[in-house]
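Listed next as structure tokens is one chain, alone, in the form predicted alone.
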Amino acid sequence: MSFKIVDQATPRLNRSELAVPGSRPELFEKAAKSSADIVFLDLEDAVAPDDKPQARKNIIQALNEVQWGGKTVSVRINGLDTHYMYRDVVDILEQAVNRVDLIMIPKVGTASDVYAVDMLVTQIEDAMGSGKRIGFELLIETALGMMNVDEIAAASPRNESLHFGVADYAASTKARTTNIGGANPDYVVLTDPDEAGERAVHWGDMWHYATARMVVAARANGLRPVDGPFGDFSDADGYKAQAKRAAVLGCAGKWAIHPAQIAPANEVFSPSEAEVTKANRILQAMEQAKKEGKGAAALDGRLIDIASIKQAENLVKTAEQIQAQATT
């Protein structure tokens, strides 16, 4: 273990994060009653320019009047390169005091972008006497942002999560795709010809590097990595497959741009009963090994050590969070 100790972000379930346009107030109550772990009310891409002022008012009203219960609520503000951003932050934090848990900052390109929003939020919190510190969700969705992802992840103690915005990232890197997430039929590997001259085609994941890069930056700074949108909400199998790939790489959860995507996200990013049972057995086996003065133990013919303990503890902690949320 390094001498540097990494502080972990505020622990939150982030398996599913439901996107709700601020211009669609009829959806707010439904979002509050959904099974999504986090709801983000959107002022950016999902809202047309002419509708942004009214969408901001809609969100302020919803924050103050909708019964969100124990739901974590985030607001995606407009980009720092627009004239909407400062008013998004000021109006929402001044008119809905202590009603927002997180602010999602889109298209973060440098650590200075985070610093700028941090400065503004801090001044408002101090002026309003707010007793609640707003956390930050940071969208990595440009080539510049990915290049600077390490500095961005460490830019503020408010940072809680990094999110991969696949559509804008594809546009920024000029990737040859128009899909929002998912596989691409041109991103394949051919096997060598067999005896009959046939070659098998294996599809790859063109987002593997970007997702893995974001995961490393997030985890190295104690943040939650979250996979972004999957555009074809009618393709349940494709969504679930993308979620599983993200989970394997270390993501804590995935966006849901449609309510139908909430349940599969919660399923994929929740440890199974069998996994939790095994994790508890690992913890029990290691506890017994400690009593016997051993630094490692064997379970079901496999070595378990300190690394196994950490993995098991993470699984059990997640299961406990899910159980606690289900009972509230």
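Note that residue numbering follows the sequence shown and begins at 1. Fair warning: this is a prediction, and the values are worked out from it, not measured in the lab.
Separately, the form predicted in complex with a small molecule exists; it is not shown, and the next lines address it.
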| query | finding |
| --- | --- |
| Heavy atom contact within 4.5 Å of the small molecule in the model of the complex, the stretch among 255-263, 58-66, 297-305, 276-284 | 255-263 |
| Contact label in the model of the complex: P25 to the small molecule, heavy atom within 4.5 Å | no |
| Proximity of K30 to the small molecule in the model of the complex, heavy atoms at 4.5 Å | yes |
| is_contact(F269, the small molecule) in the model of the complex, heavy atom dist at most 4.5 Å | no |
| is_contact(A9, the small molecule) in the model of the complex, heavy atom dist at most 4.5 Å | no |
| Whether R15, Y209 and C251 all lie within 4.5 angstroms of the small molecule in the model of the complex by heavy atom | no |
| Sole residue of G109, P229, G182, G135 within 4.5 Å of the small molecule in the model of the complex, by heavy atom | P229 |
